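Next up: just one chain, as structure tokens, the form predicted alone.
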Amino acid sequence: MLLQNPTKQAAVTTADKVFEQLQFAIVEGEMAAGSKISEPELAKHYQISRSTLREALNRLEKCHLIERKANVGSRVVDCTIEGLLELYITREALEGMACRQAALNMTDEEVAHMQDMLTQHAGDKALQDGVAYYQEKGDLDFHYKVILGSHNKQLIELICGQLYHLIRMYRCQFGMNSPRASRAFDEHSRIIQAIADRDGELAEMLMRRHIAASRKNIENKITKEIAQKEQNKIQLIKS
């Protein structure tokens, strides 16, 4: 049974359309992380009523893309290091379970489509050069397809409906370049093979290890950047 995809619901109302436009602007960094949201300005920009705008903002808050506080107003979420690491820990648990479910519930056709998608990914020059492994959102995103393949509506709503765009926001704003590009692709290949073999236990373990390795890579990258900044400060003082 195909389940409704929370990230691809057709925009019907004005609030739907504004929600999608604001969502894109936040994820892609057009609206800066941590920036204050002016409801009067947005209502004027989109030529909509304040009530329609608030409906769109309510949905953005549910996706964890904005924060709203009484007597303070709305603000785009901040992309913090702590928030990023917490998000990866959450992903490790939820996507691991989704992967186990996918091994049980994915159709043979869905598995074949994912294998074709990885073949398409393999042709990307940045990946071949080992520089970056960038995946377009939605149907060309490996993790997204695994989650949908779980056929578990609760997991799909939790990850795709509430966390998916926040994950993409962090990906966009923290950069895609990674020394793990080639290794991440190989890990994806082993995960889909476990799913194809209907080995849910192995599929879950591989997915959890894959996301944990990405988290550790980020932690190492951040540690190096902090150390470099401290070194630059010392050199400035000495000079």
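The structure displayed is predicted, hence computed values, not measured ones. A residue's number is simply how far along the shown sequence it sits, counting from 1.
Form predicted in complex with the DNA: not shown, discussed below.
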So, R50 and the DNA: in the model of the complex, are they within 4.5 Å at any heavy atom pair? yes
Considering only heavy atoms, tell me if A15 and the DNA come within 4.5 Å of each other in the model of the complex. yes
Indicate whether C63 is a 4.5 Å heavy atom neighbour of the DNA in the model of the complex. no
Can you work out whether R54 and the DNA are in contact in the model of the complex, taking contact to mean some heavy atom pair no more than 4.5 Å apart? yes
Exactly one of R68, H45, R171, R198 has a non-hydrogen atom within 4.5 Å of the DNA in the model of the complex; which residue is it? R68
Let me know the one among L202, I37, I211, V27 whose heavy atoms come within 4.5 Å of the DNA in the model of the complex, would you? I37
So if I measure heavy atom distances to the DNA in the model of the complex, which of the stretches 69-77, 98-106, 151-159, 111-119 falls within 4.5 Å? 69-77
